[in-house]
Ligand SMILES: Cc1ncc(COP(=O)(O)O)c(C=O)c1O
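The chain below stands alone and is given in structure tokens; this is the form predicted alone.
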């Protein structure tokens, strides 16, 4: 290709992105990053102004817990900061193994393995627990990381209607496959509803299907902190794989998978996102371990979280808003249109309350996604409710 032609080609491709961005802006779907100037918590700062924060997944307020920060500082003295290698080389410290043992005990499984993020876990694990002879059954509202993990697999993927158990069972019964795997979130991240695991467990057991759970928003929240299986009094069978994150209720960074020894060893040897990633720093691991210890010893934080959730849900319902079937500290408010969603979010922001608009393609139906934490005070909750009430009255 001649030099001039090559320049024209590159200019054309750049123009394509410019046009696509223009369309996003015209449809009011353009996104921008807003970085805080403060620690994570119920109050955060943007541009020198303080806002009530109802957008965080730090459900138990552990991201800034003093004893966790103290242990992180001590781990820096003992192990430094950077990992500089993958776990299969020299990237991990003894703290990594200690955390994995603690997670396995916490989840009542044989073993566990740490990943760098929930996204890395799902996209690394799902493709290697399936093959061409596998049928994957995935809830239509599963997280994007599950969707991408399914796409990266060689399995046939069958999407079942959200929490539609009769449809799921019909799909599994009719589908002929050597191996069957059901995949579901435990708490759905945008609706805040809980997967009916008792029934799904029964369907899997009846049809010899492996069950893969994404317990990202359930760990530290459900089952006295132990997660969704504990919430439903389900024993973690060898045919159940639990993925969870350390970046939400745990208040740290990273993710894990917990299950039978054979499953964990298989994942360790084959998950590309684990094998080819630099290990998380030891100080991050120290934070996760300290957070789990707090959750195990102190149930008051989880109790406070659910008390706050009850207050905020009652207040929002009393005003007349639809919370879209929420059963957890994730509380969506149905807003109808993208324009209305942006209007409500801006109104809240002008009143120093941060609750960003959630729009397509993240969700099909736009909404305001409120997340409540154990760190929110009664005054915080009352302020949010009063502002929502004033906004509704001013329409």
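Positions refer to the first chain, counted from 1. Values in this document were obtained by computation on a predicted structure and should not be read as measured data.
There is another form of the same protein, the form predicted in complex with this ligand; it is not shown, and what comes next is about it.
> Given that this ligand is left out here, which of 134, 260, 224, 247 has a heavy atom within 4.5 Å of it in the predicted complex?
Contact check passes for 247.
> Could you work out which of 99, 216, 229, 183 is the residue within 4.5 angstroms of this ligand in the predicted complex, going by heavy atoms?
It is 216.
> Check whether residue 122 has any heavy atom within 4.5 Å of a heavy atom of this ligand in the predicted complex, and answer yes or no.
Taking the distances in the predicted complex, the answer for residue 122 is yes, it comes within 4.5 Å of this ligand.
> Answer yes if any heavy atom of residue 236 is within 4.5 Å of a heavy atom of this ligand in the predicted complex; otherwise answer no.
Although this ligand is absent here, residue 236 would stay clear of it in the predicted complex, with no heavy atoms inside 4.5 Å.
> Taking heavy atoms only, is residue 118 within 4.5 angstroms of this ligand in the predicted complex?
Because a heavy atom of residue 118 falls inside 4.5 Å of this ligand in the predicted complex, the answer is yes.
> Spell out, yes or no, whether the shortest heavy atom distance between residue 189 and this ligand in the predicted complex is within 4.5 Å.
Judged by the heavy-atom cut-off of 4.5 Å, residue 189 is in contact with this ligand in the predicted complex.
> Just one of 238 to 246, 262 to 270, 284 to 292, 88 to 96 has heavy atoms within 4.5 Å of this ligand in the predicted complex; which?
Of the stretches listed, the one contacting the partner is 238 to 246.
> Select from 283 to 305 the residues with a non-hydrogen atom within 4.5 Å of this ligand in the predicted complex and write them out in sequence order.
Result: empty, none.
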